[in-house]
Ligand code: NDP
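Take a look at this single chain, the form predicted on its own, given in structure tokens.
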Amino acid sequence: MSTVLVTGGSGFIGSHCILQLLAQGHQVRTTVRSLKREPDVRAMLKEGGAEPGERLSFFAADLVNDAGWHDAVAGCDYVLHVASPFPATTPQHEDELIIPAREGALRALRHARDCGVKRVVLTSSFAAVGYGHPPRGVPFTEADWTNLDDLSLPAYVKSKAIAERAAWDFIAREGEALELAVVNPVAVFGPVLGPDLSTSVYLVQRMMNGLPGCPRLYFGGVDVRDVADLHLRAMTDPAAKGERFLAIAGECMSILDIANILKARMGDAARRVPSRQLPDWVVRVGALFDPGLRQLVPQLGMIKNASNEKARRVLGWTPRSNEEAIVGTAESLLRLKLLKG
């Protein structure tokens, strides 16, 4: 079995990657910004059914600082670089996201190369694929790239596109024997292991706690367990070298679709879930007062389908349905008592 470093082990995707690596028998290391997070991560893994003991070790490392990186990476066969900033609110300046995302990716690659790591799997995003383009009927694929010339791109979208571009450029120019594979997930749902909620899961929590209605927003969805599975396949399969893979379960969902799934499957726990769609003008007025809504306005009514054909064909990946991912999210929020009473 291999020794694998997962950066950002306290995060939603990172913790599920650790769970699956442990289940496969690997020795696992993870980086956290502070070693004070170790008990939290171990509690999350216990919630996921794992008691790793000495098979999991922790290292303090930050995306914008070299301290701790060499010790974390030295002796590893593979690195899953999952850590990247994703705040719930828009930052004051886009560089607050762009610099740590880009510098963190380059730092992980540089140390991996210097320590003789075989392959890095970078967690990118659909944000690096499907933005800055006119509306289209054809699904996005791994051949597509977000158009960074579009001045209206949100900071998070820019950060993911710039970081992934920088990673591929590094491999081409100075990667030497190091291999790179990239996973590009859409909105990630599925079982929560602790109280720190990702943006996608926070949406489901807010819906179950009661929203006035559903904005006319559409996005692809995927289960976090399948995103972790795709990382592990991309880590070891020879065919994944130098490739990027979209992680998406199927067709785009609307927020109203999510509401209908919750209403149909979650019984009384979904009693507060809205059942009507909000007119666009209501969302635009709300955006004048809510910065969180403001970044959603340009996406109203935009449908961006993407294809998972490559991940299925090349890596044998078979994701769960959107419905399973949404129900898995809601059931875990209920189980961990993260919903209103």
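Position 1 is the first residue in the sequence shown; the rest follow in order. If you're wondering where the values come from, they're calculated on a predicted model, not measured in any experiment.
Another form exists, predicted in complex with the ligand; not displayed. Remarks below refer to it.
Trainee: Is it the case in the predicted bound form that Asp62, Pro100 and Ser200 each bring at least one heavy atom within 4.5 Å of the ligand?
Mentor: Looking in the predicted bound form, the three residues Asp62, Pro100 and Ser200 all sit within 4.5 Å of the ligand (heavy atoms).
Trainee: Want to guess which of 274-282, 54-62, 294-302, 312-320 is within 4.5 Å of the ligand in the predicted bound form, heavy atoms only?
Mentor: The contacting stretch is 54-62.
Trainee: With a cut-off of 4.5 Å between heavy atoms, is Ser125 one of the residues that contacts the ligand in the predicted bound form?
Mentor: Yes.
Trainee: Given that the ligand is not shown alongside this chain, does Ser84 nevertheless sit within 4.5 Å of it in the predicted bound form, heavy atom to heavy atom?
Mentor: Within the cut-off, so yes.
Trainee: Do Ile13 and the ligand share at least one heavy atom pair within 4.5 Å in the predicted bound form?
Mentor: Within the cut-off, so yes.
Trainee: Look up in the predicted bound form whether Tyr78 has a non-hydrogen atom within 4.5 angstroms of the ligand, and give yes or no.
Mentor: No, Tyr78 is distant from the partner.
Trainee: Would you kindly say which of Leu232, Ile162, Met266, Ala187 lies with a heavy atom within 4.5 Å of the ligand in the predicted bound form?
Mentor: Looking at the other structure, the residue within range turns out to be Ala187.
Trainee: Using heavy atoms only and a 4.5 Å cut-off, determine which of Phe245, Tyr131, Tyr156, Phe140 is in contact with the ligand in the predicted bound form.
Mentor: It is Tyr156.
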